[in-house]
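In the block that follows, a single chain appears as structure tokens, in the form predicted on its own.
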Amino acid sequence: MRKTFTISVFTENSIGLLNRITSIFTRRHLNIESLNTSESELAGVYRFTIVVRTTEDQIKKLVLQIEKQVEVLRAVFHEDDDTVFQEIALYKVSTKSVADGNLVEKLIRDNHARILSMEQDFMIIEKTGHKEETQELLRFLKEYGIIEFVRSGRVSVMKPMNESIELRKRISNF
């Protein structure tokens, strides 16, 4: 049965590593749903957060293949229940289409969003949440004319504390 998994890959900062990791997905005919890279809490260690929909058997093989890359320190996978995750979305909307002040206030309050910038012709709205929540706001704003929309990749931390501590120890030993 296919499920959504979040893969956390801890690496050295190496040119070409992203290409090698994504080619592993290509060879297995898997689509990456979301990808985010950033520094981690450990100096010199970077974190790739990759979301993929696949089977448990396939994800285990995939993570083992990723770990074979020389610059990869450790790779782990989790189901959504074992992580806390969010995405951020930005919406650029014409100020003319949402000129009614009550609509804007209701929109912000009901969706736990905020206005980042208010210009003469447009405003930028920010929404942090799960993909379904940012998509829901996008559907609502489409009625008023979206000028631009962008959503980040997933950022995620693991829930099990003992696993986080053990992972940190293993990475620190490299």
Partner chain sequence: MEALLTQVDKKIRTTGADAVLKSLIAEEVALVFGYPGGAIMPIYDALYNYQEEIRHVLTRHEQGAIHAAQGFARATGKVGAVMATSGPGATNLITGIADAMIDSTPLVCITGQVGSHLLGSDAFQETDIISISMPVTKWNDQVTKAEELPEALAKAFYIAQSGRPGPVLIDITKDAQFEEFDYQYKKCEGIRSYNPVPQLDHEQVKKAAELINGAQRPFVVFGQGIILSGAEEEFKTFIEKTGIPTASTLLGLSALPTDHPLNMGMLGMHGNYGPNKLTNECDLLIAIGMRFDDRVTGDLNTYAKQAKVIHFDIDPAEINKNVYAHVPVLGDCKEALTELIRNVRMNSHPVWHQRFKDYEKVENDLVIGEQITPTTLEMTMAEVMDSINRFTNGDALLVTDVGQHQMVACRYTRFNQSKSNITSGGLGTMGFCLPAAIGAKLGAPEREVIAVIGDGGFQMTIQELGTILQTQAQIKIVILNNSFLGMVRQWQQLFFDKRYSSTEMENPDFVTIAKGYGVAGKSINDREDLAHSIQEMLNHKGSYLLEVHVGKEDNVFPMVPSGASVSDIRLS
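On a predicted model such as this, the values are computed, not experimentally measured, just so you know. Numbering follows the first chain given and starts at 1.
Omitted here: the form predicted together with the partner chain. The next part is about that form.
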Location of the partner chain contact in the predicted bound form, chosen stretch of 115 to 123, 56 to 64, 136 to 144, 31 to 39 [non-hydrogen atom, 4.5 Å]: 56 to 64
In the predicted bound form, the residue from 76, 93, 104, 73 that sits within 4.5 Å of the partner chain by heavy atoms: 73
Any non-hydrogen atom of residue 52 within 4.5 angstroms of the partner chain in the predicted bound form: no
Heavy atom of residue 159 within 4.5 Å of the partner chain in the predicted bound form: no
4.5 angstroms heavy atom contact with the partner chain in the predicted bound form for residue 20: yes
Partner proximity in the predicted bound form: residue 68 to the partner chain, non-hydrogen atom cutoff 4.5 Å: yes
